[in-house]
Each structure stands twice: as C-alpha cells, then as structure tokens.
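We begin with a single chain expressed as structure tokens, specifically the form predicted alone.
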Amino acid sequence: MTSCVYSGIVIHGLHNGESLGFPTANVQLPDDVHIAKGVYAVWVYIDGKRHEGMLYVGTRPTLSLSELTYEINIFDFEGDLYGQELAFVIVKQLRPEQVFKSRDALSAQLAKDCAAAREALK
C-alpha cells in the first residue's frame, strides 16, 4: 500500500462510530484527496506520537447515509481531538465498503476489522 501521509482537521460527526462501539475521529481531508472506499489499517500521528488505528472511507450505506466520510478509530486512545490536525498513513486495505443487514452485523464486522488491523500493524 502507499506510504503517503494524509492529514486533516478533526470535525464533528454523527457519533455513529461511538454508538457501534468504535468511536471515530472524523477527518476533513482536502478536496483533492481521493482514497478508495473501504476499511484500512493505519498509523495515526497525533502530537508527534504514533497510534494504531483503522480508517473507514465511505458513505455509510448500512446507516442509510450518502455523504463521503473519512473516519478513524484510534486504538486505545481517549481524548478530545476536535479542531486538531492529525495525520495518518495507510498500511493495508482490509476490505472494500460493504452494506450490512443490521447495525449489529456492522458492529460484529468492525470487531473483526479491528483484530485484522492490529495484526497488520504488528
């Protein structure tokens, strides 16, 4: 996968990730950035420290939404990032965007994605 460093400002989202058990930092990237829809293992950089995480790029079809979003679940991180810039590097694509039959099915897949991302980042 690419070693390109992406960066953007953390903006307020709809808190869907939190309700699914995987809180995310919604990142506003420049308009000229285009990442294929899907789930990725990423290194996230905040205040010079590297964190493990998983990135979702997509329109959240399971939740009947259509706006393209970039959301990062930063593993083992707590804190308020709103308005801050964060950077990330994609390590591996885990899967393409999918539609799930229910929020529970999506949450179960996110748990699998999390385990796969942690493995990819070892």
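Values in this document were obtained by computation on a predicted structure and should not be read as measured data. When you see a residue number, it is the position in the sequence shown, counting from 1.
FYI, the form predicted in complex with a small molecule isn't displayed, but the following is about it.
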Could you tell me if His51 has a non-hydrogen atom within 4.5 Å of the small molecule in the predicted bound form? no
Proximity of Glu85 to the small molecule in the predicted bound form, heavy atoms at 4.5 Å: no
Does at least one non-hydrogen atom of Ile9 fall within 4.5 angstroms of the small molecule in the predicted bound form? no
Quick one: does Lys92 come within 4.5 Å of the small molecule in the predicted bound form, counting heavy atoms only? no
Among Val27, Ile46 and Gly79, does every residue place a heavy atom within 4.5 Å of the small molecule in the predicted bound form? no
With the partner omitted here, the residue among Ala36, Leu68, Leu63, Val33 that in the predicted bound form has a heavy atom within 4.5 Å of the small molecule is Leu63
